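Listed next as structure tokens is one chain, alone, in the form predicted alone.
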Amino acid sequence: MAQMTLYDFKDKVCFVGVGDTNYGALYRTKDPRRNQYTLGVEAFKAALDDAGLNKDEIDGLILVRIPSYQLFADMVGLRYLRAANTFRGEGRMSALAVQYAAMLICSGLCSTVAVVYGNDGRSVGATYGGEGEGSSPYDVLYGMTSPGAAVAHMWRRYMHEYGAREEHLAAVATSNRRHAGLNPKAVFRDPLTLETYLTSRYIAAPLRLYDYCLINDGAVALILTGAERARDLRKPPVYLTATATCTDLTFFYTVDDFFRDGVRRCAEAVFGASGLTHKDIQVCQIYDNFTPTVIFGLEGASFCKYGEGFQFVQNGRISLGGELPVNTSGGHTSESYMQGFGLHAENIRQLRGEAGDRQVPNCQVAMYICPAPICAAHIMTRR
């Protein structure tokens, strides 16, 4: 395959505002009046305040999972926009929405773009599986109606090929939980022990309860603008230094390379475009709809060799204070499943030095990785 050629985003686009909801508080209640729109409005207003902007300075709007940009724009008083669009509610879309915002800014079509994600999954009883929507009919015949079942098969195959055991995944789940214990907005903050992990029930063997993301209500808003304007706003700018995607599309969610080859292409592209190396990465957020994807992502991005990821995550290496802190807000299994957007928010706060008790010291370079049918990687930096 030809080498990926990237547009040079370096020093051109910045994250200048971030807002989100209190996931733990939302998890404790269900409210029929709560919906994707009202949650998104809350996050949008928080992001505007964070950036020190007023709504009339927003000229681009990208929604994710929120169905109607017309209704949302009317709710927040955005009328004369230069761009508006809505993305599907899939975790792989978080990186694409950020890229779309960056392209609008770099092209000159927009100056300041809000990306808003809203999810009322807990209140409406979403399951993200069982219906078979989007699944191959051949998978559905055998009960394979969810991404969780597909990833369970991939992890089973990985175990067979490399000698990993079920308990190796506990290192990912327990690390996420340790980080969530330092995050006042996280849903699950109580310690998770190896014993508790191993005695939890299977959802789709060999994946257990704590290997799964948690469905919740919540919202995240990100505001992006050009670098020159960003320097005059309220908070220190966070640069989108490099970004890349690579599809790994089949008719099935299960793939025999564990999404690693797609991630590898993305990682090679962003390291090449940024001029940075693996040693420069101080914190990494990896899209973890299920815990095996953290291992797949680390291997794909070449933080370790193929087949060595299950060993790489052991002994605190991916926890705060370790060699490569991963999912420092608690990730999708302990903070909340905001389909990649909470992970973007965490990188921004780490780079600003706003992560509180979970702060990586003097954090200047962060990475985001998504192992999925649309693989993605960002490198984000502070100057």
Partner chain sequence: MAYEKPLPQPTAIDAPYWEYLRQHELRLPRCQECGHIFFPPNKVYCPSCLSDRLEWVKLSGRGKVWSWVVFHQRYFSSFANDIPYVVAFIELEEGPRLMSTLVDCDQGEIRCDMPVEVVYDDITPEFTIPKFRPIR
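Predicted model, so just to flag it, every value in this text is computed and none were measured. Residue numbers count along the first chain shown, from 1.
Just so it is clear, the following notes concern the form predicted together with its partner chain, a form of the same protein that is not shown.
**Student:** Do residue 256 and its partner chain share at least one heavy atom pair within 4.5 Å in the predicted bound form?
**Tutor:** Taking the distances in the predicted bound form, the answer for residue 256 is yes, it comes within 4.5 Å of its partner chain.
**Student:** If you check in the predicted bound form, is residue 127 within 4.5 Å of its partner chain, heavy atoms only?
**Tutor:** Yes.
**Student:** Can you work out whether residue 212 and its partner chain are in contact in the predicted bound form, taking contact to mean some heavy atom pair no more than 4.5 Å apart?
**Tutor:** The answer is yes: residue 212 has a heavy atom within 4.5 Å of its partner chain.
**Student:** At 4.5 Å between heavy atoms, is residue 156 in contact with its partner chain in the predicted bound form?
**Tutor:** Result yes; residue 156 sits at the interface with its partner chain in the predicted bound form.
**Student:** Using a 4.5 Å cut on heavy atoms, which of 79, 88, 234, 201 is close to its partner chain in the predicted bound form?
**Tutor:** None of the others qualify; the residue that does is 201.
**Student:** Considering its partner chain in the predicted bound form, which of 113, 301, 95, 152 comes within 4.5 Å of it through any heavy atom?
**Tutor:** Only one listed residue qualifies here, and that residue is 152.
**Student:** Of these, 279 to 287, 115 to 123, 142 to 150, 259 to 267, which stretch puts a heavy atom within 4.5 angstroms of its partner chain in the predicted bound form?
**Tutor:** After filtering at 4.5 Å, what remains is 142 to 150.
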